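A single chain comes next, written as structure tokens; it is the form predicted on its own.
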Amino acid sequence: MSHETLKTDILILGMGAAGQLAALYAYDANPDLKITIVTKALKGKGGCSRMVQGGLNVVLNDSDSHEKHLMDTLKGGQYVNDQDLARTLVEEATPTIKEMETRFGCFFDRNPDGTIHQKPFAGQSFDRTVHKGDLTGIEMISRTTEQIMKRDIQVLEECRAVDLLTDDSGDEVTGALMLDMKQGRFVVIEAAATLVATGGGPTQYSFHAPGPEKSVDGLAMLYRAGVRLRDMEMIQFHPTGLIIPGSVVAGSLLEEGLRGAGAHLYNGEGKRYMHKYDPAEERATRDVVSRSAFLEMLAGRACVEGGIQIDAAHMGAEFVLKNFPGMAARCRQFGYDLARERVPISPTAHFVMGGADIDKNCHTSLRRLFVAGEDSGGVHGGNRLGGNGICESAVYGRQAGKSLARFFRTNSSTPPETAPGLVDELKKKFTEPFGRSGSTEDVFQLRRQLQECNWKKVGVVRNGQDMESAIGEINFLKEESKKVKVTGGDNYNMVWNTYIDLTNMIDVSDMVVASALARKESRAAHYRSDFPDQNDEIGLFNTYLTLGDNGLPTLHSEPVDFKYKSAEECRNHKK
């Protein structure tokens, strides 16, 4: 299959908040730069940023402080955050949110006195979540997409990156191989600098919050390119995923603000239970609330739908409908009345805390490669606070854009030559399923098996025996995926794209299970029933990995760098 070759100065993979803000800041710093954004979806219509309901944690009030936000973030992450990244997050969030209003027209809800309204989320010592109703992501992505369209920035829609390209040394990224999904053809984009900002989206689990187009593409591509990644055992399960039997949107979220406002959780016996697990009850952090729900379910106290229930009705229907109109409408769509009755929910795979090891300017272990947003790791440690996710995308999108602009002040806009034969090798790899014959495997069934394996054995509650078993199952599915046959035309081929998705999910599953086995304790979102206690004597480390010569992750650990706050200060912080 032939391919087209395009050249650009900056290639941005992903069009969520991180990708768009990076493009805007880089362009505004140097309008002569040729910038190309690639998105799997239509312009401004896909990805997780648009789905954000709650908002962004930002210090704006004189009674709040960056110190408080930093300590909340470190406490929430159970002390294994990269403190440089966490500090940059909280300090740069304040100018970022102001510039989003003044430069890009993203307007957030106001108080009667005209100041920006901030609402409570779990794990906060101050109510600091800036929002637009309960559909904040739509406001942000709609406005930033308009800004992209006003500038001379190229956007390739319904186009996915299948792998990064590197030079002969493997140390410099030279662009990426793309698949134009609507035309079924490959496109090589040669770029002097590449930003990966596809968002994580742990859809390798059977019950997940991100949309179906998410398939951990960025993380898998980074891994295969040899980038150093970190903390991949830390997968966040959001506690309030909506149970919708038989629907592809099962697992989508009811936002954290519900618990922040006072919603209660009930088990299948009709009893509130959070007091047994944390003094903060429903306002405990996501890892605690998710694990508590899962343990209630395991103990046979699930509701008839298989999960637990959330009750907002006691706050009054008028209050719920006024403050959570989007959530109420979503529930109504599936026959639930959030304002007047309990709604069945379950923990749902939501966010990857691990990712590329970056510095605060989004540099990675490879030259000419930058990463921002959920494809990076370290900001959140072992658990992300609600409101810190889209905040990370905005702050680090801004950081990446500035960093990319600086890159071109001192570096050549001509990338080195891509390793000879690499493009042809990758094209052959990804088109191989078209030529298969004989006994073939159903790619959709393999994906379901992988998702079930991860959910049951590498999920909310894990143990060594189950995870060892999962390795065998993942390896089996990896071999079976080599028997998948793709038929039909090249354009809009769902089987072909699902095959590529499955390849990425398998690679990320390898990273998660290997990292989870290496951490022999429980910490934040990583809970092992065979090591149920957090152990600061052995557990204050970060896990790093790269792709080994045997095709599996090579791991090592390094002690947490308590650069600004000690472990003792983190432990003693009171929310």
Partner chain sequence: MAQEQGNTRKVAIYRYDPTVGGDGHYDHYDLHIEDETNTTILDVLLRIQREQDSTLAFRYACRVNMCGSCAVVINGREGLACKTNVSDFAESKDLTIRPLNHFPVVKDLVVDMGPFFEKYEECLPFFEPRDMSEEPAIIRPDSIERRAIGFSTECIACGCCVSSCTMVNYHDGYAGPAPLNRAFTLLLDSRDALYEERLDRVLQSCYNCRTEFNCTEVCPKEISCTRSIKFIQRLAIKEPFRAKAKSKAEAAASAPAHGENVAAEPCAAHASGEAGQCGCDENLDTGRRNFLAKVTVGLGAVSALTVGGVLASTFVGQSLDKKEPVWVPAGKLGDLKEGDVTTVNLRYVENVGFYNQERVKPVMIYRNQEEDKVVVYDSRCTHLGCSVHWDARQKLFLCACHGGAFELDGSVKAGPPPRPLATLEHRVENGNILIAMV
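Everything quoted here is computed from the prediction, not taken from an experiment. Rigid core: the largest C-alpha set superposing within 1.5 Å between the two forms. Residue numbers count along the first chain shown, from 1.
The form predicted together with its partner chain exists for this protein as well; it is not shown, and the discussion that follows is about that form.
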Looking in the predicted bound form, any heavy atom of F104 within 4.5 Å of its partner chain? yes
Report yes if any heavy atom of V248 sits within 4.5 Å of a heavy atom of its partner chain in the predicted bound form; otherwise report no. yes
Please tell me whether any heavy atom belonging to K68 falls inside 4.5 Å of a heavy atom of its partner chain, as the geometry stands in the predicted bound form. no
Using a 4.5 angstroms cut-off on non-hydrogen atoms, would R283 count as touching its partner chain in the predicted bound form? no
Among Q147, N323, T418, N267, just one has a heavy atom within 4.5 Å of its partner chain in the predicted bound form, namely Q147
Only hit among P120, P433, G211, G459 for heavy atom within 4.5 Å of its partner chain in the predicted bound form is G211
Within 4.5 Å of its partner chain in the predicted bound form - does that hold for a heavy atom of every one of V52, T487 and V495? yes
Can you tell me which of 189-197, 357-365, 466-474, 128-136 lies within 4.5 Å of its partner chain in the predicted bound form, counting heavy atoms only? 128-136
Partner contacts in the predicted bound form for 28-50 (non-hydrogen atom within 4.5 angstroms of its partner chain): L42, K43, K45, R50
Taking the rigid core as reference, does the Cα of E341 move 2 Å or more between this form and the one not shown? yes
